[in-house]
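Just one chain follows, in the form predicted alone, and it is written as structure tokens.
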Amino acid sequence: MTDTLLQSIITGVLMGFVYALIAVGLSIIYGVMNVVNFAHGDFVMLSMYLSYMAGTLLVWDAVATPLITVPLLFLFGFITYYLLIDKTLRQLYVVQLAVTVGLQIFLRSLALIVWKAQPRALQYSIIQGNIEFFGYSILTSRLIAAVVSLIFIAAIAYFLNKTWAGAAIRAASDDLDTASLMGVNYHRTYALTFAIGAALTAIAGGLLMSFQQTDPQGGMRFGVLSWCVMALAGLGSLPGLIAAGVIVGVAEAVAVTFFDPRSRLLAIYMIFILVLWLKPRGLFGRK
């Protein structure tokens, strides 16, 4: 029992880092623009399908497909902002919800038309296999996915804290009016923010396709997970997102191992409700 529990925790921790990477994009968009993007999970689904296409047509490994999908999702996010999101910023809050939910439905319907309902997966990855560590088995694909996720989270932290564009994003998040008076073009800053959030899903999508399959409804799962991670962490803390991602990943892995696999979301929701009941701002949110 103890060995099984530890094995589940190891698996959950590794998956939690990938969930944190997905939630970073969502957190940046919501924290800076105050836009509730319900289509964020479907960006992950779209990224996974694009990785599948790149891997199939070009005979690329899943972990190499972000070289193609990241620019595509960055451009997609940039265009989506100017076509849809920018027009809702000064509208009623419910308009933003309707637009992002509509985008969610559109992406799922598009995936269903193009790729049909059957799940898609890449047959082989160079990072398949496992590593034995003190009697515990660690899937190489998940280990590398976790390491790459942490590297990109650190890169985002460096970008936000050490570059002018990152400083503009943080300034717009704290006080848009003052930032505008200091020369920050909020249209370009918001477009860059939304594009970065979309591009991060492409990295996660390529990593996930090295050991998972995808289907048109996959966006629902990743959307729920990313929102739970962000809500647990609170706004303004990248380390908090990592910790919250680990909590969600471990809860999911333990539920799948010791209970019905269909209870994975139930375990996550229970932790989610408990934390928000005790700490409504999240575990690591700024005051």
Partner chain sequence: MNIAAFLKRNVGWFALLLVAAVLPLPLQKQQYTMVLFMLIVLYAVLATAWNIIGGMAGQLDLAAGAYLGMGAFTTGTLLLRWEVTPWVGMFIGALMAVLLSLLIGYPLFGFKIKEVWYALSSLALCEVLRVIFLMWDEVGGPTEVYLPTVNSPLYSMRFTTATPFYYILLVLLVVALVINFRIRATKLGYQLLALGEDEDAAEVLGIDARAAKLKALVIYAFLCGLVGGVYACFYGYLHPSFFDADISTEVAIFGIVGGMGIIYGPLLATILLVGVRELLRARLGGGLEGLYLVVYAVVLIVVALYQPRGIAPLVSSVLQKLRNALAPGKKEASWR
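Because the structure is predicted, anything quoted here is derived from the model rather than measured. Positions refer to the first chain, counted from 1. Just so we're on the same page, rigid core means the largest C-alpha set that superposes within 1.5 Å between forms.
We do not show the form predicted in complex with its partner chain, though everything after this point is about it.
Proximity to its partner chain in the predicted bound form, taken as a non-hydrogen atom within 4.5 angstroms, holds for one residue of V99, V148, A199, I156, which is V99. Only one of L238, A54, A231, A39 lies close to its partner chain in the predicted bound form, with a heavy atom inside 4.5 Å, and it is A231. Its partner chain in the predicted bound form comes within 4.5 Å of no heavy atom belonging to Y49.
Proximity of A64 to its partner chain in the predicted bound form falls outside the 4.5 Å heavy atom cutoff. Its partner chain is not drawn, but in the predicted bound form it has a heavy atom within 4.5 Å of F106. Contact annotation: A243 falls outside 4.5 Å of its partner chain in the predicted bound form, judged by heavy atom distances. Annotated contact segment (heavy atom within 4.5 Å of its partner chain in the predicted bound form): 91 to 99, selected among 91 to 99, 148 to 156, 199 to 207, 71 to 79. In the predicted bound form, its partner chain lies within 4.5 angstroms of at least one heavy atom of each of the following residues of 252 to 275: F259, D260, R262, S263, L265, L266, Y269, M270, F272, I273, in sequence order. Positional change of F272 between this form and the one not shown reaches 2 Å or more at the C-alpha, relative to the superposed core.
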